[in-house]
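Before any questions on binding or motion, here is one chain by itself as structure tokens, the form predicted alone.
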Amino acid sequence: MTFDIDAIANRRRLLAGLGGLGLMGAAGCAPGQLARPEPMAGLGDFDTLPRLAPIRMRPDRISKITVCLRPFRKAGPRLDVETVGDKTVVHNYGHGGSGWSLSWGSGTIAAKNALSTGERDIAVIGCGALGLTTATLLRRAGANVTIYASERTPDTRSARATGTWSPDSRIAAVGATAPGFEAQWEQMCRTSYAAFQTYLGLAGDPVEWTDRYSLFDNPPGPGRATPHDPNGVRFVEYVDRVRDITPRSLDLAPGSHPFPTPYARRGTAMQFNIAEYAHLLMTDYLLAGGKIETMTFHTPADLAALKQKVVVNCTGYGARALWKDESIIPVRGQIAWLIPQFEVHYGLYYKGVSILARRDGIVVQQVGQTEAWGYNDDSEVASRSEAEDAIATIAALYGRGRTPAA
């Protein structure tokens, strides 16, 4: 999402991200659409709001409902190295809601740790966001790489992510990180951000810039409330360190936007069309000579079966069971997928519900007012009622007064 502090009132805007870091969706003019004549506040006639196609917010358009458990660790992601039997294990897991966003930066750290051993035949466990990216980086560095995983990308938890740029979404808890972690996070963030720029403009739009609108019935506050879980844990907020690399949001004056709410903010952020992006990662990895084998690991002792002496552990939430890592706290997130609308190129946040218009479907997600939504909830059972409530919340925007298509 865009790094936009002002775009956050009580919720770090859109999707598991910070205000501005987590806004979901996309906006813009579809071919043939005309710009509205109203200029945005303070920008004169040079920047007008585009006409926006209405989103068909109806339960009968639900194509599927998916649930993902984000692997949150209060201390932040695990990036250390340990010895297990005769194996050197490089850890790379526990990124909360920032796995895709930080994948290139975190993978760079893991790849460096693995290569520093002097070995050039390396195993990677896990085929999600971190596993695929780390394996790709190792292969680019000239290593022989084999991914071992029980599931391929379409079936991993990473494939159920929202797909928005949210690099500090539930990345760590205030007071629980080691010295220097904030600077390490910034480096991971900047490295990843630069890497994603190389995917812009490719066929299939694996990564693209999109506009999102945060809507309010009452005047939004000047800043954001510090998100916390019911037990008092506060999530770190590092967005200020990287505000120089992403666009800012703008308040839209009442009457200058096409929504029925009196207040709105518009921001711009990167989104990952995960189906296409993950497919591209997998294809590039295999074409470069990378290998994938199906294998299930139940305990660290199972690593003894691997021929490689160095293993990079990118098991995400699965590390909780595999490594008996009770520091991993699940943060549940559910997505209701609506049939794609290729004329829709904008996203919304309203009353704790986030919308992201991806090429593979309209993502509808209840995100709550703080990042505590779904905290310590390990249920992966889909809730139809949660999905329909979220749809009804946004549908109300198209049923009162003006609509975006008006």
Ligand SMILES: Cc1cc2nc3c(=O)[nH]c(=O)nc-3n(C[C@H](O)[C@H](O)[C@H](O)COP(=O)(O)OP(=O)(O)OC[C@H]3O[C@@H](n4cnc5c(N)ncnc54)[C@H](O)[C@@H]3O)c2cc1C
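Predicted model only: the values in this text are computed from it and were never measured. Don't overthink the numbering: it's just position in the shown sequence, from 1.
Another form exists, predicted together with the named molecule; not displayed. Remarks below refer to it.
Trainee: Do residue 69 and the named molecule come within 4.5 Å of each other in the predicted bound form, heavy atoms counted?
Mentor: Because a heavy atom of residue 69 falls inside 4.5 Å of the named molecule in the predicted bound form, the answer is yes.
Trainee: Do residue 264 and the named molecule come within 4.5 Å of each other in the predicted bound form, heavy atoms counted?
Mentor: So residue 264 does not count as contacting the named molecule.
Trainee: Answer with yes or no whether residue 129 is in contact with the named molecule in the predicted bound form, where contact means some heavy atom within 4.5 Å.
Mentor: Taking the distances in the predicted bound form, the answer for residue 129 is yes, it comes within 4.5 Å of the named molecule.
Trainee: So in the predicted bound form, does any heavy atom of residue 257 sit within 4.5 Å of the named molecule?
Mentor: Output for residue 257 is no: heavy atoms all beyond 4.5 Å of the named molecule.
Trainee: Just one of 90, 336, 161, 188 has a heavy atom within 4.5 angstroms of the named molecule in the predicted bound form, so which one?
Mentor: The option sitting close enough to the partner is 161.
Trainee: Please tell me which of 172, 137, 122, 149 lies within 4.5 Å of the named molecule in the predicted bound form, judged by heavy atoms.
Mentor: The option sitting close enough to the partner is 149.
Trainee: Where does the named molecule sit in the predicted bound form: which of 80 to 88, 310 to 318, 137 to 145, 280 to 288, heavy atoms within 4.5 Å?
Mentor: The contacting stretch is 310 to 318.
Trainee: Would the named molecule be touched by all three of 157, 322 and 365 in the predicted bound form, meaning a heavy atom each within 4.5 Å?
Mentor: Judged in the predicted bound form, 157, 322 and 365 all sit within 4.5 Å of the named molecule.
Trainee: Heavy atom within 4.5 Å of the named molecule in the predicted bound form: which residues of 75 to 106 meet that condition, in order?
Mentor: Residues within 4.5 Å: 95, 96, 97, 98, 99, 100, 101.
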